[in-house]
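Okay, here we've got a single chain as structure tokens, the form predicted alone, with questions on binding and movement later.
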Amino acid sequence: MSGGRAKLASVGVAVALLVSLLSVTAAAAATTQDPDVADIPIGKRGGTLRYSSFGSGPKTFNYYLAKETSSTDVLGRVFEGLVTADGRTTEIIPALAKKWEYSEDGLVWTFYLRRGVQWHDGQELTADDVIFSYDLVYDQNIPNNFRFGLTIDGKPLKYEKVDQYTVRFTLPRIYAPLLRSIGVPIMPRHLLYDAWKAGKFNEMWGIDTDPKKIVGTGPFRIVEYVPAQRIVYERNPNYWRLDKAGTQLPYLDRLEETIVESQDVELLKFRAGEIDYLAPDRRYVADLQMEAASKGFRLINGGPTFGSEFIVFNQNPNTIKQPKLSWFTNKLFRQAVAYAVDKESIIDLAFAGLAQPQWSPIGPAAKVFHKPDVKQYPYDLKKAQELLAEAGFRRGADGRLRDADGNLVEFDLLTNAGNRARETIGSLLKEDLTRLGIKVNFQPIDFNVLVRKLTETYDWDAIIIGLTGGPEPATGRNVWMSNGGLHMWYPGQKQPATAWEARIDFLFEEATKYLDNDVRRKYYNEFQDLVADQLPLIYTVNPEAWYAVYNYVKNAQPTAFARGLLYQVDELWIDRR
């Protein structure tokens, strides 16, 4: 994701004129024949941006196997797609493709690559790399998240090389979210093709790989990785973007990402001036606002996040045993738990008032499709007790809740350690469920271990976690379609397990057939009502996105959509005086 670039093909003509004027000054620095000119204030070259992440670091360097932000956030600085989303406007803008066009019936899309874009090892990116990347997308042996967004009515896109710098896609029908889906990371064919043909692609580029061998086209490349400690990136000297003065981006020479165990440690490092940028725990926003002027940084409210925080119960009959399976698949049980989620206390204690209750799978930041009047579950333990009784649960003389067969109701609840908000949500929920007679074994664990349980081993009862989001609901197809890999309560179903999941499958397919958002909205409205009733995910709250940035970091415009400012990492510069 990158911001400030040309806005879609219709603006490309004007930009091309500007590029021609700059070509003389830029020629010495850029090998790219079709550079993008960033409409940003002119900066200065040099310097290092220091920031942090909490957890244990990336789980993989193989982008096609990554399903978690701890990996994709790192790889997002290294790899790029044909298009990207502007971090400020959310619009789709050119990236490795300088422009595109489509046929009158909307079924044939042609993308034109920038000429002269170099991989980090100096090889030129061509249409062969694009074709190879889509071969990876549709390889059933590669469990990637991209295939879902690029499969229409069960069919893959047809893709072909037109010439060295042109690729063409043919769709089986109109597909409204195509541009939101087609920006998959393009991978270097010259480095990975042989491994793929040998059936070893999934073994490539694990975190034990020398990071210097991870080759992309992005503005930075990884030069050092010390597990659970730090990641160091160096500037790509052949990047394809320029500023208006003809200076080749990125401005920064290096990025230093420190991996820490908690948000509290991140805060200490920011206050000590050891990192330049922070997405603070909302509990500390008020204190930081009071310190900002004297310490030379500023606080920025990015607005409501596009992501979500929720509780999910495991409904997978292949991995969860009775009697838990009968509890977790019971809608009344899930609705009772929803009534036990004290959103107001979560907002006060976990987010210092900087959040709003969330009821729908499409949050208010996605204004076009958000439905505010879905079914709600305000905190009400009496109502929760009534629903549990209706479902056959009874409390014994010992105060413990039992199901209709006399089984004590007890389950494990996990979340990722170091995320204070989720830890607070877990503690509050455990306390309230205890009042209902339910024993909850709450345990924060390492994020990557949590993701592995959720996506690989499936050995869990209930989890508090979140998903990133965006303005287009269809980008969540791998979550909401019953055969999706992130359909986390029961992934990869051959047939929908329930009638409501079959209905969501239908709604998600239908909503992609029309370009008129008013038509699409009626499908997504029904989807939101279904989810609010069935509660496969029990939503908690939607927090505001806040960022703290030292004033010497220039051109910084962090946004909630981009989850911070690193979407524009090639535009940032350091002005230390």
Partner chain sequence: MWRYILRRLLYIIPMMLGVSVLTFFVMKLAPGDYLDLLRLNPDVSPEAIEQLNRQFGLDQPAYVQFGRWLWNVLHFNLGHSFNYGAPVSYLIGTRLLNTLLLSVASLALAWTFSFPAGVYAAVKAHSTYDRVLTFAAFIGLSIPNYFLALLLLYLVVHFNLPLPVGGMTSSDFASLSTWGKVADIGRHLIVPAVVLGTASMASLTRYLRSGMLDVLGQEYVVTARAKGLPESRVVWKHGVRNALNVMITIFGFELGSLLNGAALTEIITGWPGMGRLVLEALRAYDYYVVMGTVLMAGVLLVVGNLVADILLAWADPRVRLQ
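It should be emphasised that the depicted structure is a prediction, and the values quoted were computed from it without experimental measurement. Positions refer to the first chain, counted from 1.
From this point on, the text means the form predicted in complex with the partner chain, which you will not see here.
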Listed residue (Ile207, Val409, Leu436, Val312) with a non-hydrogen atom within 4.5 angstroms of the partner chain in the model of the complex | Ile207
Of the residues Leu381, Ala389, Val265, Ala293, which one places a heavy atom within 4.5 Å of the partner chain in the model of the complex?
-> Val265
Would Asp73 show up as a contact with the partner chain in the model of the complex if we use heavy atoms at 4.5 Å?
-> no
Non-hydrogen atom contact Asp446 with the partner chain in the model of the complex at 4.5 angstroms | yes
Looking in the model of the complex, any heavy atom of Ala272 within 4.5 Å of the partner chain?
-> yes
Considering only heavy atoms, tell me if Glu256 and the partner chain come within 4.5 Å of each other in the model of the complex.
-> yes
Looking at the partner chain in the model of the complex, is some heavy atom of each of Asp281, Asn301 and Pro491 within 4.5 Å of it?
-> no
Can you pick the stretch from 508-516, 51-59, 537-545, 522-530 whose heavy atoms fall within 4.5 Å of the partner chain in the model of the complex?
-> 51-59
The partner chain in the model of the complex - contacting residues of 446-471, heavy atom within 4.5 Å | Asp446, Phe447, Asn448, Val449, Val451, Arg452, Leu454, Thr455, Ile465, Leu467, Thr468
